[in-house]
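Take a look at this single chain in structure tokens; it is the form predicted alone.
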């Protein structure tokens, strides 16, 4: 049951929950930037939560279906159109052979997730169908979808038409967005004044925000504790002898603009890391638009673990609401 791509949107890629196990080889986990939204869309259409769907950034694609299917769109508030008739989001929708799925203009958020009953059935690479364009892995020949592509779809019974996820189970971004941070291994490299300023300042999402990382600007430049740079580090005080980058690490090249490393980021390099955004807030970053105000909030490990448990509880509530 192929789906024809009429228009690809701004940047629409095939994504599942990623390819763990290769980070030590420099291949990132990848997968959906907003994992809760992808999982939920799959549940709505009767798929396994990790089935491959489409991640559309800012502008949705136009797709023509060659067979009947169940679809669901979650994540960003991107008006859903079936043959130009608007449909509800976060809801299982039936679409018939010959009909077209399209989208209106973005209202909020950044990434919408399109699940199709049976899942997108492109060949997996290293255990995942997720598109990692830099490494030419997954997706359609290692790239985003393009006009004229025919996307293979697996067999699936489809979800219950009209099944929906209540608004209180859909995480909103708020304003300013608060991103919780655990100070990191190199926290001591900046002065106490800079440490306080990092959390006191309001930052804004920079236009340079993608699957590799989100850059933020607007806060004060960091002041570094003076030291003699060790052998193997660069001359800038933000340089270190190469180290590993955990998922969610915050680099600050030159001490000016923090960059939160996301799904397709490299696994190591020569910039120090001020800390790490907790796992429970990484989905939220995937829904941030350029120029949105953001504050970083210092937390401890206990708070981070509770947030992770709360996020798991949210998914359980969604499963329970959909009887999955």
Partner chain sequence: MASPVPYPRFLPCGDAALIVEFGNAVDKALNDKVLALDQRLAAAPPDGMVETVPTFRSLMVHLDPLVTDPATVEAHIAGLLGDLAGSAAPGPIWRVPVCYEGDLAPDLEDVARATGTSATEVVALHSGALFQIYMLGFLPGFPYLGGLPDTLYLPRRTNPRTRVPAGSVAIAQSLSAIYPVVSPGGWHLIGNTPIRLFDSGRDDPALFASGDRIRFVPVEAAEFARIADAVAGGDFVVEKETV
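What you are looking at is a predicted structure, and each value in this text was computed from that prediction instead of being measured. Numbering follows the first chain given and starts at 1.
The same protein also exists as the form predicted together with its partner chain; that form is not shown, yet it is the one meant from here on.
When its partner chain is considered in the model of the complex, residue 207 lies well away from it, no heavy atom lying within 4.5 Å. When its partner chain is considered in the model of the complex, residue 123 lies well away from it, no heavy atom lying within 4.5 Å. Contact check for residue 203: every heavy atom lies farther than 4.5 Å from its partner chain in the model of the complex. In the model of the complex, no heavy atom of residue 253 sits within 4.5 Å of its partner chain. A single residue from the set 148, 167, 162, 230 has any heavy atom within 4.5 angstroms of its partner chain in the model of the complex; that residue is 230. Heavy atoms within 4.5 Å of its partner chain in the model of the complex belong, among the stretches 112-120, 185-193, 96-104, 73-81, to residues of 185-193. Along 238-259, these residues reach a heavy atom to within 4.5 Å of its partner chain in the model of the complex: 240, 241, 242, 243, 244, 245, 246, 247.
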